[in-house]
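Below you'll find only one chain, the form predicted alone, shown as structure tokens.
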Amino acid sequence: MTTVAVTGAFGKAGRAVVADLLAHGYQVVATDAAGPTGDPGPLGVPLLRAELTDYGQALEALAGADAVVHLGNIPAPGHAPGPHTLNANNAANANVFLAAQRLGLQRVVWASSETTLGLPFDVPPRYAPVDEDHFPVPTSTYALSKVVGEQMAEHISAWSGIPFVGLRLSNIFRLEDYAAVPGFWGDARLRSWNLWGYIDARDVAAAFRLALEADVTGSRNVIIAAADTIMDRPSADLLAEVFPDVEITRTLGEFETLLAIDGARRLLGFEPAHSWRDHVGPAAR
């Protein structure tokens, strides 16, 4: 696979994915509903404007590619009215998946979400660390669109024989976002909505590339999160304070993520290389 179509290429994750793929020798066909056009433009490649809720535009966006990294969705709850989020994401996912089938692509890697696991955890999780089996627990139309996407991926993969990999991404942080991290530490409940999870954008990009290259069949979905939490306190202490009745299923490392990434390690060889601890000075800790 030498040519990869990237949808949502001008978003937070998309820009990191495009840069990583180019750095590793791939050719990239970039598309987004918004963003600056031009050759080569800020992405380093031209950007095709396309609305993926239209099947014809989705088909054109993927034409000539060997595989697709699909990030072109409304990216979170609250960005649009709930019914529109569900309808638009379902349409975009269906169109991209079916276009991949029509064009005979070799691989579909796409952005699912940690929200499929029950976020925000206003109702405590059944156990911790939360893994892929803590599914499906959608609590918003955004999360429901990702659950539906995973079901579509399973069936279209079976029809087409194309491997699909869905990455259940945690909350993405760029370098400039780490300055805000010390502000979370005073109140453990501020970030308990996703069990204090996060993922560096560079590790997101690496995960997508690994998913393109992994030896997989069928449709598989794995959690992608940092190896640690966003907090400067032990993970077991956080659970004891905020979720004291939640079963802890194994001995935890001191700051170990509570969004389990064992599945991604096994399936993709994914190992997060970045942490907020590399960028927040000792004085703040």
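Numbering starts at 1 and runs along the sequence shown. Because the structure is predicted, anything quoted here is derived from the model rather than measured.
Beyond the structure shown, there is the form predicted together with a small molecule, which is absent from this document and is the topic of what follows.
- Not displayed here, the small molecule is kept clear of residue 221 by more than 4.5 Å at the level of heavy atoms in the predicted bound form.
- Taking non-hydrogen atoms only, residue 214 never approaches the small molecule to within 4.5 angstroms in the predicted bound form.
- Of the heavy atoms in residue 188, none are within 4.5 Å of the small molecule in the predicted bound form.
- Although the partner is absent here, residue 97 is not a contact residue: none of its heavy atoms lies within 4.5 angstroms of the small molecule in the predicted bound form.
- Taken together, 67, 103 and 160 are entirely out of contact with the small molecule in the predicted bound form: none brings a heavy atom within 4.5 Å.
- Proximity to the small molecule in the predicted bound form, defined as a heavy atom within 4.5 Å, holds among 52, 30, 230, 258 only for 52.
- This chain is drawn without the small molecule; in the predicted bound form, the residue among 153, 117, 169, 109 with a heavy atom within 4.5 Å of it is 169.
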